[in-house]
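Single chain ahead, by itself, as structure tokens, in the form predicted on its own.
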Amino acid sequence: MSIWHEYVQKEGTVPEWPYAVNYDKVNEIISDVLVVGGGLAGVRAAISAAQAGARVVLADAGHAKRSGSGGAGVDHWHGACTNPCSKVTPEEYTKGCYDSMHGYMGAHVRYIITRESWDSLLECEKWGMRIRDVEDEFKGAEFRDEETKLLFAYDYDNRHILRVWGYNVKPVIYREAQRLGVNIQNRICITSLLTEGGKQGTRVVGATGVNTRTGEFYIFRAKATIIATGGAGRLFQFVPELTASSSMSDMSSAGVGHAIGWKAGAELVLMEKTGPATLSGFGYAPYSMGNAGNTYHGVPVIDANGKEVPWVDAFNHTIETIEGRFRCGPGQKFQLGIGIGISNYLPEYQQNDPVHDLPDRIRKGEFVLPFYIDLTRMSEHERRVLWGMMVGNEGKTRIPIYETLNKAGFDPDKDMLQAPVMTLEGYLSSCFWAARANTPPHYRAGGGAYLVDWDLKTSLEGLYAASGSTAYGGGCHGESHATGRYAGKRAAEFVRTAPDPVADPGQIEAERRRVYSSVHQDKDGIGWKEINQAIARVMQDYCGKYKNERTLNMGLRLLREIRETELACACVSNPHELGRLMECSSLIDFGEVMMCASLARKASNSILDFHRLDYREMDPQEWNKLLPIKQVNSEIKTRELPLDYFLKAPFASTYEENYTVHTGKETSK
């Protein structure tokens, strides 16, 4: 079978659409719980709700067996503070995250994660994912607990981060969802949430969607809905050929989960927060280049003359041995590790790294580019756990990196892996392959999430949020499992007493007309790719790193013009393009919320990497607060909320008490 490009070159045309198309067909599916998004959090939410006895439907834009940012695997699991070897309590871990982010962190969600993470991992083990060194491959290693056979990463003293064999994690949880009878609807692009009476701000009673293969319209009626989608990966940059291999994220993420909630009237928070677009397009294929961070943490970095780069802790104390790179030094409480979904670390929680002034040392000639990582200088156990277990299980590495380099002859016992040669500022971060310094400053990534309570319920009745991107306070891989598992339980509890969902026919019909308007347009018109590129350019120009009231308002005007002109007259040739066009509509919504939230915060903020040129004072005390944003009768409303709202009335004043009230569980350790 030819690949796409070979077929087009040979035939001179694109192939006919291979599926029967029926834009006129309407399908209605009724359930107790509807899960939007079939990534890690979505599948775990579906499983959890089904375990609690709910009838569950899961709608995914791709195929839930492998879809989502975590679909390709995982090699280490964060926040497992209740595992039998951990020396970090859930309260300590939560405080480390919250304090590191100076309060701009949904710490109640992080606490939920620390209480649920280990149990979530044990379930994965029961279903078929390996989490222990049962073959004694690493017997006697510093990072191994001999009694439990668990392996640990980053912080060998405190043991709250586990190494796992997670290449098959997504098929494992997908099979469990199937076994429990979850009704999985793949290839569904969700286009809107349904609300009681068809009004903004009322109870959510389901959703609408379109099948991106058949074009059929779907009406999902449900007593509770869980949003478990990703962020908006194509908001600031859209060059598929450039971004595909170098992104750890799912480039199909188009802010759909945020957009449908925004239009329904839900509150979002910290939508003004962005950061450099480090993982999409300007780096290298993940872990294909030598570096000393993330999965490659601790590995020696060697310059072109064989000189090794020294390592230091967060307080700049020199670390003399490789073993010491995985230990806490003076002043360090514990190392949070890399990849937990926060952008800032206080020194007492920061991981050890190569010297912090490496760019200056390169300029002075102390080190000569290029750099390499030298696995041969590590112990046998460290070398084999890194190249073999971790690189062999991390997302997007098992086949493209591990198998490819092994087949090409790479031998970690004798070979070195070159680090990228880039602008010197890039070496400030030990995760060299992400190439932060290569990213233009106006290319951003981020945005906020749903404001949620201790049930992970949003401001709308019947609507819950999970995953790292849609629940304020979420994180990455293990965090998605934990929040999905928790949200599924809470939603299942809600539906036991919730009335049957009644959808408004007028709302459904209006959405159906909107969805299919492009099907009837002239097929020689503009397509979704051009619109996506236009959206990205507007975001780069008017909502980049530096912004002011004038640029933000200009950006809002341009996004609305794209919606009213190009988007309104765009054409599609098949259901796939229809789904992509609907995603463009969501991207416009996401961009509008981001700009409106940016207008509301009239102060610059270092933690949020937020820079207002017309309000230059950084971190004024009076602006140390959250500004939730929502629509009320299509008008944008913001309010002020203290950073620790989750420990203030009507909630209890401690994490443990709130967790106990909402789950019935007692202290775990």
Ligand SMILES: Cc1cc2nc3c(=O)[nH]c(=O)nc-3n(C[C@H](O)[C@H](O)[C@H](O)COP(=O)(O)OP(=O)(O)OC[C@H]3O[C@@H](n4cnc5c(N)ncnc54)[C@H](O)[C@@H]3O)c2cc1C
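Throughout, we count residues from 1 along the sequence that is shown. Note that the coordinates shown come from a computational prediction; the quantities given were computed from them, not determined experimentally.
Form predicted together with this ligand: not shown, discussed below.
Asker: Check for me whether this ligand, as it appears in the model of the complex, comes within 4.5 angstroms of all of Ala228, Val256 and Gly468 - heavy atoms only.
Answerer: Contact check passed for all of Ala228, Val256 and Gly468.
Asker: Is Gly478 a contact residue for this ligand in the model of the complex, using a 4.5 Å heavy atom cut-off?
Answerer: Flag for Gly478 set to yes.
Asker: Indicate whether Ala46 is a 4.5 Å heavy atom neighbour of this ligand in the model of the complex.
Answerer: The answer is no: Ala46 has no heavy atom within 4.5 Å of this ligand.
Asker: Answer for Ser252 alone: is it within 4.5 Å of this ligand in the model of the complex, judged on heavy atom distances?
Answerer: The answer is yes: Ser252 has a heavy atom within 4.5 Å of this ligand.
Asker: Taking this ligand as it sits in the model of the complex, is Arg384 near enough to touch it, meaning that at least one heavy atom pair lies within 4.5 angstroms?
Answerer: The answer is no: Arg384 has no heavy atom within 4.5 Å of this ligand.
Asker: Would you mind picking out the stretch of 395-403, 325-333, 262-270, 563-571 that comes within 4.5 angstroms of this ligand in the model of the complex, counting non-hydrogen atoms?
Answerer: Within 4.5 Å of the partner lies stretch 395-403.
Asker: Please pick, from Leu626, Ala50, Ile629, Ala59, the one residue with any non-hydrogen atom lying within 4.5 angstroms of this ligand in the model of the complex.
Answerer: Looking at the other structure, the residue within range turns out to be Ala59.
Asker: Just give me the single entry in Tyr167, Tyr93, Phe432, Tyr287 that has a non-hydrogen atom within 4.5 angstroms of this ligand in the model of the complex.
Answerer: None of the others qualify; the residue that does is Tyr287.
Asker: Enumerate the residues of 166-191 that have a non-hydrogen atom within 4.5 Å of this ligand in the model of the complex, in sequence order, or give none.
Answerer: Stretch hits, in order: Ile188, Cys189, Ile190.
Asker: In the model of the complex, the Cα separation between Gly341 and Ala314 changes by 3 Å or more relative to the shown form; did it shrink or grow?
Answerer: Compared with this form, Gly341 and Ala314 lie closer in the model of the complex.
Asker: Gly341 to Val57, Cα distance in the model of the complex relative to here: closer or farther, by 3 Å or more?
Answerer: Here the pair is closer than in the model of the complex; there, farther apart.
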